[in-house]
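The chain below stands alone and is given in structure tokens; this is the form predicted on its own.
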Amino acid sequence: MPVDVAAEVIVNRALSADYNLVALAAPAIAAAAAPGQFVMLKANAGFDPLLRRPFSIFEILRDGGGTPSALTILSKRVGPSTNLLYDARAGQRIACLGPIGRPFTIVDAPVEGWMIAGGVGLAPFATLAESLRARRVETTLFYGARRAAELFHLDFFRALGVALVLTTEDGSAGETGRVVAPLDRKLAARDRQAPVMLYACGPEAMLAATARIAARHQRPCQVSVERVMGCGLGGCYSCVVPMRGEDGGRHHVRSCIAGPVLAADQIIWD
């Protein structure tokens, strides 16, 4: 069950003019969290904004004895809630509810784990990469952004032994273009008998493209969907996703409960 805490801001580090990384002292949530789960945050005590907003858990921080003591949130400011989080100060208390949601399925070797991230969609992949590498799973991160300055935490992934495939829309780092292009090529070149699990998070158009590529190459794929959530507990029905049911019909599921991690081939993308 998720717990609700007033988490103290340990540090708030600006990564760019729009992105920041906030560390929150929430040991109970950090200890229970699994890769792909999220928290609902409210950075102000007033009514504007009124509701909490969902954020993927980026990292689990540990004390000197290895016990989970805090978590981090990777955020991009795009509205009132993320502006408040960008401006948060050390010592400030933030309402933090979590961990919430269905996590990623962690594979074992010899299956490889390929993570596909677009922009702030990198958020669930730090904990996932740690879990995969702890099982000695060969792991690759396909990471796309608008420009080189928006490719974050590369040294973190390199230190884990994660192979990096980078793309930028302006060509300032890695391959020029969208991140799904090298993914498609590498899947086409891969032996059909060599197992791989795809994990994706990012803009919905990128997730839909990844789902189509995974289906074409007959590879399993899990996506972490980004939906506006009013409560995070299934009560408001603001985060529904259309999916194919076992009867072949169209069904709507609440991504805060059934997800945010869902099977890509079961989502109705159009």
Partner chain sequence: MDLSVRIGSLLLKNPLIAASGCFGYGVEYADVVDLSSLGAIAVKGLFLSEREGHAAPRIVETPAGMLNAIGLQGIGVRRFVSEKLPELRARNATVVVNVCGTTLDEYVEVSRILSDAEGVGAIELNISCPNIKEGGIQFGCSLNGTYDVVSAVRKVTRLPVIPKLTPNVTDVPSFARAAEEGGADAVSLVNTFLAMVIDIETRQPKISNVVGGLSGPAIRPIAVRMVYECRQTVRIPIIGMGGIADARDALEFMIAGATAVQVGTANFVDPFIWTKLVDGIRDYLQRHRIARVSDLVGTIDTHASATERSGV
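Residue numbers count along the first chain shown, from 1. Since the model is a prediction, treat every value here as computed from it, not as a measurement.
If you look for the form predicted in complex with the partner chain, you will not find it shown, but the lines that follow are about it.
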Task: Option from 21 to 29, 243 to 251, 258 to 266, 6 to 14 whose residues, in the predicted complex, bring a heavy atom within 4.5 Å of the partner chain - done: 243 to 251
- [ ] Considering only heavy atoms, tell me if G64 and the partner chain come within 4.5 Å of each other in the predicted complex.
- [x] no
Task: 4.5 angstroms heavy atom contact with the partner chain in the predicted complex for L97 - done: yes
TODO: Report yes if any heavy atom of A70 sits within 4.5 Å of a heavy atom of the partner chain in the predicted complex; otherwise report no.
DONE: no
Open item on the list: Whether P220 contacts the partner chain in the predicted complex should be assessed with a 4.5 Å heavy atom distance threshold; does it?
Closed with: no
TODO: Note that the partner chain is not shown here; using its position in the predicted complex, name the residues of 232 to 255 with a heavy atom within 4.5 Å of it, in sequence order.
DONE: L233, G234, G235, C236, Y237, S238, V240, R250, H251, H252, R254
